[in-house]
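First comes one chain, alone, set out as structure tokens in the form predicted alone.
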């Protein structure tokens, strides 16, 4: 593979605020930085919970409407959506997922955000969503680089691979 074929920059859009909605973008951004690839994270809609101080380390698994949910693991029996609605199922699934991630040394969201920022990754919040949710700068983690418009995101993303998680 020639240097011209290598990915030099990724811009990752995170729009879902569940545990399984935020982690893929964090893992991809961290992996990019470890490979020397420039990485921008753009949090929009409910994905903003991934960078809101109050919520970022308390994200939950979405058990309702998740057709891929399995019991007790990815190889187990399919879990009907109705079971996901039972009280405590989301908390149980979240606990189990966090336990498994801890075993393989995947850090909590806040620590992951800090690692990505320290490695030079850029973290942005969507201005339209911030305005719609009536959020202020001090609601966000200190690693956030700014609140930007979609147009500004496209400027930041110029020349990159755009990934929507």
Partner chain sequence: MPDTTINGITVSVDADGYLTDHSQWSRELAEGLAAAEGITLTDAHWKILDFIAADYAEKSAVPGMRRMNKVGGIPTKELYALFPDGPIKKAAKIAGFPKPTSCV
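Every value quoted in this text rests on a predicted model; they were computed, and no experiment measured them. Residue numbers count along the first chain shown, from 1.
Keep in mind the form predicted in complex with the partner chain is missing from the figure; the text below concerns it.
- Shown alone, this chain has one stretch from 133-141, 40-48, 102-110, 53-61 that lies within 4.5 Å of the partner chain in the model of the complex by heavy atoms: 102-110.
- Contact check for residue 33: a non-hydrogen atom falls within 4.5 Å of the partner chain in the model of the complex.
- Residue contact with the partner chain in the model of the complex: residue 119 places a heavy atom within 4.5 Å of it.
- Although the partner is absent here, residue 115 sits close enough that one of its heavy atoms falls within 4.5 Å of the partner chain in the model of the complex.
- Along 127-165, a non-hydrogen atom within 4.5 Å of the partner chain in the model of the complex is carried by no residue at all.
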